[in-house]
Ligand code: PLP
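Taking the form predicted on its own, here's one chain by itself in structure tokens.
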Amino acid sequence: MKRSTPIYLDYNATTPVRREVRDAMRPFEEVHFGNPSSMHAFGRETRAAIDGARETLAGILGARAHEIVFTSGGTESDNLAVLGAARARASGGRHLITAATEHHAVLHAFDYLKSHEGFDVTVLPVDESGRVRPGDLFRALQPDTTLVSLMTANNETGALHPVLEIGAALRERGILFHMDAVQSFGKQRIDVRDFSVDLLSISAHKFYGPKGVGALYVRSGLPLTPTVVGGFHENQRRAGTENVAAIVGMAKAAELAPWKQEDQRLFGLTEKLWNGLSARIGGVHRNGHPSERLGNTLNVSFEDCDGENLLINFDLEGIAVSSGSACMVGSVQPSHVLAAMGVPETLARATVRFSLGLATRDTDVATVIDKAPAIVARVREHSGKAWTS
């Protein structure tokens, strides 16, 4: 029996490269191959392409071109922001703040600074919807606090932190603010001036650009200790020959991002999906804020289910989704995000993240709603906990 066209609902993990992006990249993969640090004509034409991409991204972010540093992706951007800013400001204070639900690219960087370099790190709790309470953050500030790092939107639940309020308060106090916008850039309009942000991370493959390229906004005049050394590239903030084609592709993808209208469309689809699942399946729980979230993200736990079996069975039905758990060395660990939100471990281990994108249509959501009850029933039966409704 021929399987129908698979439905991809894992856009928070990665996105397909748009045709227009591939077309923009192709000349720099096939024809214009010069090293952008070379002084001859081949190098000058690729340097001009990088400069143009930098201007484009800066304009979209409300920044200046020299404030954009190109990196290998979101993880490096987060590492450079946290490690680079903390080390550069260490003489003025060694207290740092982040939140329990941040991406591991941020959390592990803070862990390293604490365990290897003697920094004092406060990890803020979140409320049951996964959002930081501004009051908790303000009470955690100390005279020697130099850096706060928060994501705009959580990659697992889509929950939005109140970063506008937090950024304005930190700017008044002279404390650096890093925003991990890897999951939100391309889905929501981001302007560094609105958020009073000092550092901001993005990654191209989250908004229909190529993998292996990202950027870090660094406010003009901000000292930053490089984490990659070996050359004078990127104004001595990140060594290494630039990936010209990928940088050009990232700028094109950012130009094409549909922003508000697409977020609103996908918000309607995820609401339809939740309403359909909750109406047809018993024992389902929504994780994250129902409205203060990315429009494309829905995180759901299914009672008496095994998360790995859920993913396998959805995949067998031609539906690609992900879990709230991370696979580590052959064992499935409960999501640190859901744990921080107070979700019981049994539910955290039975979670599916649906993340929608440009190609998602109403018919796709209808198909998932139609197939999900049988999938969940099969997983529950396999676990010996079959439901009756």
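Quick note: we count residues from 1 along the sequence shown, nothing fancier. Please read these numbers as outputs of a predicted model, since none were measured by experiment.
The form predicted in complex with this ligand is left out here; the points below concern that form.
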Only one of 69-77, 272-280, 285-293, 135-143 gets a heavy atom within 4.5 Å of this ligand in the predicted bound form; which is it? 69-77
Is residue 205 near this ligand? Define near as a heavy atom within 4.5 Å, in the predicted bound form. yes
How about residue 155 - does it come within 4.5 Å of this ligand in the predicted bound form, if we only consider non-hydrogen atoms? yes
Would residue 183 show up as a contact with this ligand in the predicted bound form if we use heavy atoms at 4.5 Å? yes
Taking 4.5 angstroms as the cut-off for heavy atoms, does residue 233 touch this ligand in the predicted bound form? no
Interface residue in the predicted bound form among 97, 199, 254, 151, criterion: non-hydrogen atom within 4.5 angstroms of this ligand: 151
Of these, 237, 131, 89, 103, which has a heavy atom no more than 4.5 Å from this ligand in the predicted bound form? 103
